[in-house]
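Quick heads-up: it's one chain on its own, the form predicted on its own, in structure tokens.
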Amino acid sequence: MTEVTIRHVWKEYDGDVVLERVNLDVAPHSFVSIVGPSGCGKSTFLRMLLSQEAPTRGFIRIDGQDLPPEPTAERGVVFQRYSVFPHLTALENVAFGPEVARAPLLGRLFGSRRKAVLEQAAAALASVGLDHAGDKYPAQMSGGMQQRLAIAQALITKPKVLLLDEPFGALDPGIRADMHQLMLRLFDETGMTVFMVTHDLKEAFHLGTRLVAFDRYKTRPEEIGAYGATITLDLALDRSSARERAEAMVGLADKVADQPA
């Protein structure tokens, strides 16, 4: 169980403000859905959680500790584009990260150490329903299978925090629904804290225990660059009630419409 604390975070690039005054306390085992218009800094926020970017001001902490300056195994990530190696089988793809971490010079383990990693990789594949596909290459797999593979890659390190950047946006509706069920099961089983960026409001409410909306208060041309986006809405969600989710969506639409220009 992992809590995340974000305090007074700003992000600027060459004097242009992308994010400002971002404050958030995320309880352990939360599923935070992040929504907002394109270009409002959602993916930048996710990259800061991963340590691909550093805040210009403020801090982010996991369980009271400042984030390390580089990505670590405690934070897994899944992108919209399938982050898999085409020349490796599914089993080799999942084993690749742990192998490189444990044998950084050769990039490969041998003997009992390699056998142990392959067993872990097989278990990760089984957790996402790909136990039958360990010997397949990505080109032999559907889009949904490749995204399951990407999730297995992220899960094998047993991360405390899972970061999802539009992970299901490129999938057909039927496959996407299957991925939603998989994600909910993994969330319940692992106890991870999850942050997911999505443009799909229905998806955000279906998966999340909390919805956070980013937007800019200042949108006139002369204000772009001088003012960044921030959290404009923060809602606790109850996935157990479809009716409550529907009512919350109506309330969200009303609140967004009432935001000052």
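Numbering starts at 1 and runs along the sequence shown. It should be emphasised that the depicted structure is a prediction, and the values quoted were computed from it without experimental measurement.
The same protein also exists as the form predicted together with a small molecule; that form is not shown, yet it is the one meant from here on.
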item	value
Sole residue of Arg210, His206, Arg47, His29 within 4.5 Å of the small molecule in the predicted complex, by heavy atom	Arg47
Candidate from Arg61, Arg57, Lys202, His199 lying within 4.5 Å of the small molecule in the predicted complex - any heavy atom	His199
The small molecule contact in the predicted complex: Gly39, any heavy atom under 4.5 Å	yes
Exercise: Leu24 in contact with the small molecule in the predicted complex, heavy atom 4.5 Å	no
Glu166, heavy atom within 4.5 angstroms of the small molecule in the predicted complex	yes
Heavy atom of Ser43 within 4.5 Å of the small molecule in the predicted complex	yes
Residue stretch of 230 to 238, 62 to 70, 188 to 196, 47 to 55 approaching the small molecule in the predicted complex, non-hydrogen atom distance within 4.5 Å	47 to 55
